[in-house]
Ligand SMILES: Cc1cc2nc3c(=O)[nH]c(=O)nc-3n(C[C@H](O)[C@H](O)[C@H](O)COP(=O)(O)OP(=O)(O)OC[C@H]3O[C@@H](n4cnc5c(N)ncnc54)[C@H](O)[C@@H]3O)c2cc1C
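A single chain, nothing else alongside it, follows as structure tokens in the form predicted on its own.
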Amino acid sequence: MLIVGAGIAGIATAFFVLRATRARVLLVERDRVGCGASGHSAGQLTTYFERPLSDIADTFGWRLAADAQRDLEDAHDLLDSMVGGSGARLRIERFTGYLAMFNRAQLEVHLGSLLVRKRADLPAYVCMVSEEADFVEELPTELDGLYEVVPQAQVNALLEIGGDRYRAVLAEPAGCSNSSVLCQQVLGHLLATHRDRFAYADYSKVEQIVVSDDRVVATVGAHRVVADHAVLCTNGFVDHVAEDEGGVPLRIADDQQITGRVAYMAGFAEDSARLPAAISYIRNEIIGGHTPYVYVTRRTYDRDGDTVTLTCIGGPEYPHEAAYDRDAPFPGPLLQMLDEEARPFAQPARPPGRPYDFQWHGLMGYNDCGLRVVGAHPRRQRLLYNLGCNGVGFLASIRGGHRIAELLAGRHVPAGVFDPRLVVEPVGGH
């Protein structure tokens, strides 16, 4: 089988397929291992979706929404199995993450998600609302018991801020690690232990994939690769062609199509040890608006002869409109915007305008449905997908790789919200 893309999605897919089947696997990467979003992220281990769980439940029903949430939370164990099974040596820091909210609309959406969790017997999350919030008494009674009222000072302490803008905080399990290092080390393990049925080729761009009833034929540079299946793990990169033997493009539903966004981040090392953290601060009046939220990630960072705290800040994201160049310079105005708008959340004691140790951008795989796409094309089962990071950490990529392996191993995988949906062609060409 052919796996396209050697970021965390492709590496995890290869790892679990090799473990669950006797398939021979070729992994190809257009650049280098872990050089895309996996190498240009803050490395958060989060188990939430780009859209609220309550919204997913409204679309698909609470049972399927809860199944998806449970699947994602299982990815913590899958990550541990990848690390243990490959002998990877990297830090994995786990802790409680926080989401900052400032109005009733935001709070009701997330309390609605907690209601879905409660109905599905998922582990309860903690939500705290400031006693100074003027909207506490206006919350619907059906949300009683899903939050606790606390002093404003407690909200501020958890969010590491001052002032009284943010009135509520949602606490949930989180973590961070270095996904690029994980990709490199797991790849090394696969090459060393599966020489008889695993091969890897970098700087090998896939131009075309033709899927028929009995095989897949891919054009990879000057080479022609024939496989029984192909798995696309190509977040953000949409310049390859997938079609059937008649030349008809193989597409999935419009809201599942990957369009991609370029996300911008910066980081600085702090010599004093600080606890690891993952905190997001909503900035839209209504969830889903156009103002980017601000996030802060802290993790322990090992550099030559020293261990420091690496603090990362991010938020700005822009549509992927031209050919992505990972070596393009970081735009100065964006760095200034991050410094002005995100730095105060990350480290208010850091003076404005100081140089950053790291500045980077990454091409992230987004789609309009806000859910990862994992599974086989409805019309051509030999073409599979594991894509759509949607900017919410890399655990979803690992869970997707495991799900693909289960499908290829012939195990029963219940239909769910991640499954590719077929484009409905207009009758009579109209």
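Here the structure is a predicted model, which means the values were calculated and not measured. Residue positions are given as counts along the sequence shown, with the first one as 1.
Although it is not shown, the form predicted together with the ligand is what the next lines describe.
*Asks:* Give a yes/no on whether Gly391 approaches the ligand to within 4.5 Å in the model of the complex, heavy atoms considered.
*Replies:* The answer is yes: Gly391 has a heavy atom within 4.5 Å of the ligand.
*Asks:* Though only this chain appears here, would Phe198 touch the ligand in the model of the complex if you measure heavy atom gaps against 4.5 Å?
*Replies:* Outside the cut-off, so no.
*Asks:* Answer for Phe102 alone: is it within 4.5 Å of the ligand in the model of the complex, judged on heavy atom distances?
*Replies:* No, no contact at 4.5 Å.
*Asks:* With a cut-off of 4.5 Å between heavy atoms, is Lys205 one of the residues that contacts the ligand in the model of the complex?
*Replies:* Because a heavy atom of Lys205 falls inside 4.5 Å of the ligand in the model of the complex, the answer is yes.
*Asks:* Taking Ser113, Tyr147 and Leu158 together, does each of them reach the ligand in the model of the complex with some heavy atom inside 4.5 Å?
*Replies:* Contact check failed for every one of Ser113, Tyr147 and Leu158.
*Asks:* Which residue, Ala66, Cys369, Leu26, Leu363, has a heavy atom that falls within 4.5 Å of the ligand in the model of the complex?
*Replies:* In short, Leu363.
*Asks:* Of 54-62, 399-407, 376-384, 31-39, which is the one stretch near the ligand in the model of the complex, taking non-hydrogen atoms within 4.5 angstroms as near?
*Replies:* Result of the contact check: 31-39.
*Asks:* Out of 209-248, which residues reach within 4.5 Å of the ligand in the model of the complex, heavy atoms considered?
*Replies:* Going through 209-248 in order - heavy atoms within 4.5 Å of the ligand in the model of the complex - the hits are Cys233, Thr234, Asn235, Phe237, His240.
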